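Only one chain is shown below, in structure tokens, and it's the form predicted alone.
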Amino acid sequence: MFQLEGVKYKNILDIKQLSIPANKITCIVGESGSGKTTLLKLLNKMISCSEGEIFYNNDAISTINSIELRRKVVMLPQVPAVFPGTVKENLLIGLKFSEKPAVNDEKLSAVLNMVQLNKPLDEDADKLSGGEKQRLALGRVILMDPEIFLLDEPSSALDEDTEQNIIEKLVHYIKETNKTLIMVTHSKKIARAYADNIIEIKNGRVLN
């Protein structure tokens, strides 16, 4: 699905060759500052490589319309955006941005249950804690129903038990819907438990 050939980004990444398979769970692990987030950003053209080429389904992503790519390949940053308004409005705004139809409250409540966010839809999103905002943003991305989820430390603000439960549900959803998940995680335990494919990065290079 993704193929990287001779990819460099400034002095942060230097990847001679890397394949990331479709319909699998790929975890990216490595020390802070090793280039994990930079790799995610390259995959949906949030940034562009200094050298080399990235292919998505055999097409060079430099030739793919950025907006069209980001509708299929959605990234959730480690500190996600939370917009002014209610929990419901925050869940629906992703569908609005991606020009997809809104869904009913029953679907919204099901997504909140999936990410273990027990909050009413009319609650002010600004009142949520950091971990709750992270889960709200994850729910928003799930509703957008992309082909590929790029998640940067999606559980970094959660306690270990909640992290385990949410990642387990997310992985089940990804497999059930035949999607692709590419996730940066600080937890090698999570990577070993759920990943089909583990990419370890050190000093900007992929370890074999």
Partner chain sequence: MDKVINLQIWQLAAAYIFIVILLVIVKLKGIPREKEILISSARMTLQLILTGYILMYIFQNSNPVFTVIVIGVMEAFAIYNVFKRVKVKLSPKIKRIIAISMVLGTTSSLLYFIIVVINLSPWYDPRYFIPIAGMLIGNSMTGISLGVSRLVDGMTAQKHLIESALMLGATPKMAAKEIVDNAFDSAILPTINSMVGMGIVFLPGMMTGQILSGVSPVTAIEYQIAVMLGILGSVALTVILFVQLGYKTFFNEQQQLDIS
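The structure displayed is predicted, hence computed values, not measured ones. Positions refer to the first chain, counted from 1.
Just so you know, the form predicted together with the partner chain exists too; it's not on screen, but the next bit is about it.
- You can rule out all but one of 43-51, 174-182, 28-36, 159-167: in the predicted complex, only 43-51 has residues with a heavy atom within 4.5 Å of the partner chain.
- Heavy atoms of Gly131 never reach within 4.5 Å of the partner chain in the predicted complex, leaving it off the interface.
- Looking at Ala102, you'd find every heavy atom of it more than 4.5 angstroms from the partner chain in the predicted complex.
- The partner chain in the predicted complex is not approached by Ala60, whose heavy atoms all lie more than 4.5 angstroms from it.
- Using a 4.5 angstroms limit between non-hydrogen atoms, Met114 is distant from the partner chain in the predicted complex.
- Residues of 183-206 include none with a non-hydrogen atom no more than 4.5 angstroms from the partner chain in the predicted complex.
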